[in-house]
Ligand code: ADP
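Just one chain follows, in the form predicted alone, and it is written as structure tokens.
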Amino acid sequence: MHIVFAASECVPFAKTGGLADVVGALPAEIAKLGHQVTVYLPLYARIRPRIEPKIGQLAYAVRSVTVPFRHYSRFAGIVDGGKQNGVQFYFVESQELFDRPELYGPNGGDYPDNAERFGFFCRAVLEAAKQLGVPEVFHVHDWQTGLIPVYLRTTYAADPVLRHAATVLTIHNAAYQGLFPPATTEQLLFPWDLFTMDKVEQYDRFNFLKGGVVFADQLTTVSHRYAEEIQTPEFGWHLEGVLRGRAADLRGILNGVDYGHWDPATDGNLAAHYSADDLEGKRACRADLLHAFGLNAVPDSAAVVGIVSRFATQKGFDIVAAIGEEMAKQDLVVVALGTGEPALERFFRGWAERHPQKIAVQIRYDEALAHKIEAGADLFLMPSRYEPCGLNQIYSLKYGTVPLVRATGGLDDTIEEWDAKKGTGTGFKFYGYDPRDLLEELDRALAAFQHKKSWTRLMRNGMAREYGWDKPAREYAEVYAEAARRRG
């Protein structure tokens, strides 16, 4: 089969979250299974220098495709990004819409014309595919490409070239839906009968993600637990009814990780390498991490608790703030790396200032330092309010850094509760979204840390788990086959 991925992010070109990691890794795995794979991305300003040759000219696969709007037309160039790992990359060029400093908007916000930007992108992908190769399946991701299934079943329903193409929509985070004014319907040349509560309308807003959910042939999300959660009011963000209605077509497929990039036996960012068979190098990594954060004379009895995250309420740091002073009294040190909501950045700064020998924080993102935290910490904290999949807990398992997580989404799927009597399990989980629950589980983890022999068993249990992309890729291939069968 020919599979076309359409997405707004993909490593190594452009990233704001886990979506980029998936689109960076999954297409190559699908190609390994023998399928033809193409990826379409917007040509953002930050991508241009990566793909422009030394002579400063882009290679165009298609010079111009036309995307009509209500009172005008826009034109896209389709830039040939070449093949990588068996995957063909194309970039949709529109300097007016995509040649901007940020992907979605300044300071974590939105550009006012994002409906036009990503409506344009969706239709440009369809027009480009008509010239460069129509796939059996379009695999689209999140709200930014949610209109591709809508266009295919409305505007392009009678197109003899595209009418049999199937669609698979993956929801990476249901909280982000692409909500715009009702006039978006006319702006993107949809008929008004599309703007109804059983199609794209949601509380008098035009909802890109809802359109994808309604019109896609198959739906996936990024963990088994999250597939269940988004059908509830707590996690569905007002789409739970629509998702329950499509439950038979919704499948949770846990994200994989790239062990070529995340493996303590080969990681070039570390002070020493180690493996489950020889853990000695982890001591050197712990010492190197403490030095990097300026923490001195930390006793072996004190657990190093690592955090690498967006500092956001979704990630659970409001409940960390509620027990920060009690945590600082315990036999631990905390090393935290990240940026995020101003109030939580202020909390982390203040926490470190009040307890300079126990809490160390760097308000930034640094890839090498993130690797050092994964390798040098003893515990990795992820107290998320909700977490569709999560990757850091999986990295932590591989690095022998025991996860302490809230049992939600992919965190619940990937971490098995430690049972000291049986010697089974890979980490620690708490269930209620409450500071007391987190503190109780932290107490349990710190007590377990004092028993070094069983702690080593716990570390090795996690290091033995495998969450590569092989199994998820086969599951996605099954979804593609089913979607194509329905359209065939």
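Just so it is clear, the structure is predicted and the values come from calculations on it, not from any experiment. All residue numbers refer to positions in the sequence shown, first residue = 1.
FYI, the form predicted in complex with this ligand isn't displayed, but the following is about it.
Asker: Under a 4.5 angstroms heavy atom criterion, identify the one residue in L379, L391, A352, M327 near this ligand in the predicted complex.
Answerer: The option sitting close enough to the partner is L391.
Asker: Which listed residue (S275, T339, N269, T154) meets the criterion of a heavy atom within 4.5 Å of this ligand in the predicted complex?
Answerer: By the 4.5 Å heavy-atom cutoff, the listed residue in contact is T339.
Asker: Taking this ligand as it sits in the predicted complex, is R310 in contact with it (heavy atom to heavy atom, 4.5 Å or less)?
Answerer: Because a heavy atom of R310 falls inside 4.5 Å of this ligand in the predicted complex, the answer is yes.
Asker: Using the partner position in the predicted complex, report whether K315 sits within 4.5 Å of this ligand, counting heavy atoms only.
Answerer: Answer yes; at least one heavy atom of K315 falls within 4.5 Å of this ligand in the predicted complex.
Asker: Closest heavy atom of D366 to this ligand in the predicted complex, within 4.5 Å or not?
Answerer: Although this ligand is absent here, D366 would touch it in the predicted complex, with heavy atoms inside 4.5 Å.
Asker: Does any part of G468 reach within 4.5 Å of this ligand in the predicted complex? Heavy atoms only, please.
Answerer: Answer no; every heavy atom of G468 is more than 4.5 Å from this ligand in the predicted complex.
Asker: Using a 4.5 Å heavy atom cut-off, which of 191-199, 100-108, 144-152, 302-310 contacts this ligand in the predicted complex?
Answerer: Going through the listed ranges, the match is 302-310.
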